[in-house]
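Take a look at this one chain, the form predicted alone, written out in structure tokens.
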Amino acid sequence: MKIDTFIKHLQVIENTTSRNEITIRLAKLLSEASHQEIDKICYLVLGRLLPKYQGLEFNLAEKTMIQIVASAFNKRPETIKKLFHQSGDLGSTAEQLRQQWPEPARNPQMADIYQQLLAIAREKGGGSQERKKQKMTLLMRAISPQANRYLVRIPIGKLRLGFSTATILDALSWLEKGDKSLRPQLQYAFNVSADIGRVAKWLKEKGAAKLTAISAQPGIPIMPALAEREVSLKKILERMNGHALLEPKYDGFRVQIHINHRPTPGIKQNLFNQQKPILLRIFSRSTKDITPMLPEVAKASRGLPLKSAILDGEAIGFNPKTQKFVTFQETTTRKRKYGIGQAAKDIPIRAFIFDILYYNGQTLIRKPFHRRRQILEQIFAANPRQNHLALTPQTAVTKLPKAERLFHRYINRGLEGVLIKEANSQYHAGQRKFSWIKFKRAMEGKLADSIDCLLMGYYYGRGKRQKFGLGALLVGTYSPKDGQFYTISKVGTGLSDKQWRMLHRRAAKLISRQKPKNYQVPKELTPDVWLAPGLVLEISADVISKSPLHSSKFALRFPRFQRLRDKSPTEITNLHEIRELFKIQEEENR
């Protein structure tokens, strides 16, 4: 595919407002891509070069891109800033300047453009920023004005096409079937292999009939299974029908550990004769590679008696002197790029493993949970006790008094509550099912669970909050059915001065001159500053009420900020879950 063909498709998509029409237009673009380039096209339309878990970023800030545009078209940076301020879009500014540039535009293959962008992103070491600037300058001068618009937007994360991975899955279904009927199979493939490029290429090469054959592979994250909620322990046990396995719920962050050992020629490989792993990766819930942040967990994982595995668990910090767990806020300080060695001494991490999804070359996702647990117990029984890796305690329960005793025992230890799992269930990657049900410490008269919301925009502060740059937050929920975000609350409490400043810094990177295409916001709630989807906040509230004002038709009463969440915007509490929480609340109040 030539770059000008690719750009024409993007122009049509950008000027389309209907979600269905965007999906159909995207399907047309993907239909014209060859099987060698369809994965790259998928990454690019999401503003990336590789799947998220590979962690490759351009590391070109908006300020740097302004300098690149100035250099490419022999202008002063001050001139570019002025034009950018007028248009509100650095890509349009570059397009305008390229129209005035005398050099004729070329129309190279997308594969060549992709490789050049990849080379720019991979520049490292001394002088890498200058080399990036020079390569981007030459590329911008070579391609058309319209191509410049999108080329500039991609590195700074402002492609403005208004869709996500979910839209690509819909488009792939349209590509194959002419409707969305293939979406469940595509969603399954993506859930067990969180690489949209791999899924698209698999479909293009092997066809729809082979989608269910796509399997887990060490090194490629699996979308984590999620737990449903229920109104009481009694109702949870009724749902489990005598097959309930109860585990403590730790207040930490999700980790998925991937291990793959390389057999050494001439040495017989067995479970207790392990060589250095060819691959060891730890992924977060949102599929980010956080291996360097958790060296003690990585070291402990290397010693496990196995050839290959994908483990699911929860990481929580503990005090090395008292051996007691620390708060979630303290645990999350371990998610850092610098000072990792000292942080590991101050707040060491213990990862509690509660599931295994892949073992010694075999995918276990469709095996019953009790069988997966048996494999885990065998692994940990053969492994000397390690301080940084442990098997999550588990108890079979059939009677309510026993479940209540365990629940209160874990609450008294400072944990969040319990997870109760159905012994015969499969691992439902990327789905929220009643085969896993969480029951957290409930507060009388208040919601038994918090809600993860998208920060859609903010309002300027008054009085003391003027110095923070923002004074109230507009947050919303997500509807998977139409890909839209709907308002549910304005939040102005629960934040310390430090947190207000932190949010202002984080929000500055997401400021949008216009309301994002997939936001449904009543005029009365229009914020002073729009934000592109990016920041997910955990919000607690007293109750959910019906609302004639908010576009979700629900509102949170007395909402309070709790913390930032490591989730993508489409992983937040969705509109269906809000309705279910409202029903649970109504049942509690009867």
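Small disclaimer: the values here were computed from a predicted structure and weren't measured. Just count from 1 along the sequence shown to find any residue number.
The following text describes the form predicted together with adenosine-5'-triphosphate (ATP), which does not appear among the structures shown.
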Using a 4.5 angstroms cut-off on non-hydrogen atoms, would Gln426 count as touching adenosine-5'-triphosphate (ATP) in the model of the complex? no
**Q.** Contact of Lys440 with adenosine-5'-triphosphate (ATP) in the model of the complex (heavy atom, 4.5 Å)
**A.** yes
In the model of the complex, does Lys567 come within 4.5 Å of adenosine-5'-triphosphate (ATP), counting heavy atoms only?
yes
| If you check in the model of the complex, is Lys367 within 4.5 Å of adenosine-5'-triphosphate (ATP), heavy atoms only? | no
Exactly one of Lys135, Arg285, Arg198, Lys490 comes within 4.5 Å of adenosine-5'-triphosphate (ATP) in the model of the complex through a heavy atom, and that residue is Arg285
Partner-free chain; cross-checking adenosine-5'-triphosphate (ATP) in the model of the complex, the single residue of Pro155, Gly91, Gly317, Pro248 with a heavy atom within 4.5 Å is Pro248
Of the candidate stretches 474-482, 250-258, 99-107, 404-412, the one with residues having heavy atoms within 4.5 Å of adenosine-5'-triphosphate (ATP) in the model of the complex is 250-258
Contact check, 402-426 vs adenosine-5'-triphosphate (ATP) in the model of the complex, heavy atom within 4.5 Å, ordered by sequence, gives Glu416, Leu419, Lys421
